[in-house]
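For reference, the chain that follows is the form predicted on its own, supplied as structure tokens.
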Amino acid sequence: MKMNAKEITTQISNSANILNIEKWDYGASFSNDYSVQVDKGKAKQLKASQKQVLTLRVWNKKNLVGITTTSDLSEKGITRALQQACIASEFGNKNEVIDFSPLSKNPIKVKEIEKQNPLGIKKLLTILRRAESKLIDSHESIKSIPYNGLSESFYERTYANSDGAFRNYSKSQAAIYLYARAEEKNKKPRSAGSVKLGYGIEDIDIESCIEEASKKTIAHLNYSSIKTGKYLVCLSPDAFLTMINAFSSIFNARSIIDGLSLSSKDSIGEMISIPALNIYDDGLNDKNISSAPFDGEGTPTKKLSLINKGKLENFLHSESTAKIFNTKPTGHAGLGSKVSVSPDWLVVERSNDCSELNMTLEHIEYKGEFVYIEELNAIHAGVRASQGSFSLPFDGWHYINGEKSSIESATVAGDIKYLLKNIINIEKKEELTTSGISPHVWINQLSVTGDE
């Protein structure tokens, strides 16, 4: 991948001077991506792409902002993009003044990572074929791996503005996912999978991905229905993080301004969960493969406490929302015609004042009945974030007196406010997932709709 962010910045500056544009900023992304999918040993999809995207904002004399996106980084292309953004600025939002982030020149922490080299499509295909074959051979009931993929990406991100801010970093990322389908006579097909990430293919433990996908799929072969009712529920780390991300508008200042959040401007300090819960947004965490040292506006990424001992402690801010709330941007902004705000990487932990209960999946001392939710599905269809409600199908287990059986099909429904305030245990052991870190979390009396 060849690009010179400094040269592009100089070219934008020179073209802006010629066009008499005094104020501008841009975000650029350059990537080389390779991915493969297979179907019973045959190549199903092979992709190799080289992308370059530059998002450019221009302020006019009235301080209104126009924005445009281009992939043409030639002198003519950049000049044309500046002209288009300048024209668009005449239609800028007069009700919300956008500016540079006041932190766009602050020091950033760029994680030093050993440079990875691309393996290329041919080697990726060979590795994935072998993984698919091993997974199918791991059990006689596994008939196919309908969803699978192996990919590697090498990318560079840049932010700069006319006030002299300049930020740049590059990194690589690789991923494999294997989703197996098992079939037995007179039974419904059962599926489960595994995902592993790394900075490069060599970093990924492919054998553990195969083993995990196989074990999870086979474990679900012996299934039974569950009666509709209210159950004690244990959410897996992945399921709890999925739930928190689905309702991240609670922490999102942009959502609050747009009236799409359960929170209000005055919600900071409000008790929204039991005192035992802490949640951080920690984009620079050493275990976050996708960590970025700055956001779309050039604001440095940092660890931010969202819930501290049950209290809502901070919102996620862009430059414009921070100005409205009279605070500082937090490093969670995108760059677009309407600047979005979103969490990076969540870390859930138990605060020090949480009493230990005799309910853990590792040592099940609880002899009653509960439902273990392994994975939540259909998030976009089943969550009404602005209302706080959810109704989601899930993969999971029904435990009765220490004995467990896979649940044939069921949905869990409820309200996020109820869920957070009815947590009855947060386990000590924290687990790494692809979207963050969390322990198992136990919830009292959630509604489960089954087939009975």
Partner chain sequence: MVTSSIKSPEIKFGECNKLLLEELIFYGISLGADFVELFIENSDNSSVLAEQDFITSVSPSFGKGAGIRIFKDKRDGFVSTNDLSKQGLMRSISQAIEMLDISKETNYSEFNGLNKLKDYGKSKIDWLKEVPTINEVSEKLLLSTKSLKKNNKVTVRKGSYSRNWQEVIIASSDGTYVTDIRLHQTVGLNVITNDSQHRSNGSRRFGSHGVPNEFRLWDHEKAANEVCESSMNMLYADYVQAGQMPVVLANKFGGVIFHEACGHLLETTQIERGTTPFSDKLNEKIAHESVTAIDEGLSEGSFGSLSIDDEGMEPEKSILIKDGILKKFISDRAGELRTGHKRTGSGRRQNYSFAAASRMRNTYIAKGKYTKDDLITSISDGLYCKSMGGGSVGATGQFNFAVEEGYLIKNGKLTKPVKGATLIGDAKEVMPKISMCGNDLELAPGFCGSVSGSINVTVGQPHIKVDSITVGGR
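Numbering follows the first chain given and starts at 1. Please read all numbers here as calculations on a predicted model, not as lab measurements.
Same protein, other form: the form predicted together with its partner chain, not shown, and the subject of what follows.
Asker: Among 109, 281 and 440, does every residue place a heavy atom within 4.5 Å of its partner chain in the predicted bound form?
Answerer: The answer is no; none of 109, 281 and 440 reaches its partner chain.
Asker: Name the stretch: of 75-83, 324-332, 200-208, 130-138, exactly one has residues whose heavy atoms fall within 4.5 Å of its partner chain in the predicted bound form.
Answerer: Among the candidates, contact is made by 75-83.
Asker: Can you tell me whether residue 166 touches its partner chain? I mean in the predicted bound form, with a 4.5 angstroms heavy atom cut-off.
Answerer: Taking the distances in the predicted bound form, the answer for residue 166 is no, it never comes within 4.5 Å of its partner chain.
Asker: Test of understanding: in the predicted bound form, would residue 188 fall inside 4.5 Å of its partner chain by heavy atoms?
Answerer: Close contact exists here: in the predicted bound form, residue 188 approaches its partner chain to within 4.5 Å, heavy atoms only.
Asker: Please tell me whether any heavy atom belonging to residue 290 falls inside 4.5 Å of a heavy atom of its partner chain, as the geometry stands in the predicted bound form.
Answerer: Answer no; every heavy atom of residue 290 is more than 4.5 Å from its partner chain in the predicted bound form.
Asker: Does residue 261 reach its partner chain in the predicted bound form if we count a contact as any heavy atom within 4.5 Å?
Answerer: Contact check for residue 261: yes, within 4.5 Å of its partner chain in the predicted bound form.
Asker: Please pick, from 221, 121, 142, 195, the one residue with any non-hydrogen atom lying within 4.5 angstroms of its partner chain in the predicted bound form.
Answerer: Selected residue: 121.
Asker: So which of 88, 312, 274, 246 reaches within 4.5 angstroms of its partner chain in the predicted bound form, heavy atom to heavy atom?
Answerer: The residue in contact is 88.
Asker: Taking its partner chain as it sits in the predicted bound form, which residues of 391-419 have a non-hydrogen atom within 4.5 Å of it? Please list them.
Answerer: Result: 391, 393, 408, 409, 411, 413, 414, 415.
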